[in-house]
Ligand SMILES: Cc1cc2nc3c(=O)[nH]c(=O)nc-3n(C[C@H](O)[C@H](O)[C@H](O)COP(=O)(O)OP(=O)(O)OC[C@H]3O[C@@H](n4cnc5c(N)ncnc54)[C@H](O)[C@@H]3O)c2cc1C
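Single chain ahead, written as structure tokens, the form predicted on its own.
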């Protein structure tokens, strides 16, 4: 290394986690460089980007919704202003009821404290005729919507590139040296390096010991002449505009290919949900990085504190990445702790052995 460029932080990976963290650190006026190689099957590239405060089979308020959702709205709007691109789409979400009993249950739930800010209306009769099958009415949620994840990460990548702080290419562990509390990579010297690699972390020298669980998901993209003003969600989601349908959960299938079984599953659930004509034009697959407790993983390597991880966003990356990138940025700058629920410390009993070049 004859001539080195000094930065504060090196970010490895530029999916949702890496993109949000880069924007947070730039907001702090930190010198960064981001490194990434485009992967068309990364979760960010195939995701519909849905964010929804009431989720799951039994429809409960998602973890930390009262913190995450106000934050993500401000964050993505600010990112649009910074990049000059539009990728953030707040939109109501409509979930049909399957029975009178479910309708009655939600009539009661809608009055519960803590849910009123997310429930726009409980419909006791059919709405959206000709669009969605809902003879018992349904639930309209607010504070939901979708992020065009491809457009968001591309906009951030372009912004970083225009400012000369993006390296387009594969990160190579062999060129990483951790020396005297510093980080050296190629001709860069940094205080810390943050790995935001998703499932690629499983092949890294530093963080392959973490319990990142790959979860394959497949989606369909439709062509249709109809217009819709809400996301439909029951069994599958249907996102207007991009007309993406998904997603499957295939923990035992990591084959890098689309499957007939996934197409049939998605189309079957889609036909139970909607009543408008459509044509399937594409089918895609991607791998999400999940964790055993469905919480992200943030924090330093147990032996090499200048190496940090931000991973495990799973199926809710759009809502998790803005807030927890802020948490991580604040922690790096010694302004606050990492929440115990997401701290890497909870996995410190795992074997983290590895041979890092010095």
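Residue numbers count along the first chain shown, from 1. Nothing here was measured: the structure is a model prediction, and the numbers come from that model.
Only in words, not in the display: the form predicted together with the ligand, which the text now covers.
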Picking from 225 to 233, 130 to 138, 163 to 171, 93 to 101, which part of the chain touches the ligand in the predicted complex when contact means heavy atoms within 4.5 Å?
163 to 171
The unique member of 328, 35, 308, 32 whose heavy atoms fall within 4.5 Å of the ligand in the predicted complex:
35
Although the ligand is absent from this view, report whether residue 297 comes within 4.5 Å of it in the predicted complex, heavy atoms only.
no
Answer yes if any heavy atom of residue 115 is within 4.5 Å of a heavy atom of the ligand in the predicted complex; otherwise answer no.
no
Would you please decide whether residue 17 lies within 4.5 angstroms of the ligand in the predicted complex, comparing each non-hydrogen atom pair?
yes
With a cut-off of 4.5 Å between heavy atoms, is residue 247 one of the residues that contacts the ligand in the predicted complex?
yes
Partner contacts for 211 to 225, taking the ligand in the predicted complex and a 4.5 Å heavy atom cut-off:
217, 218, 219
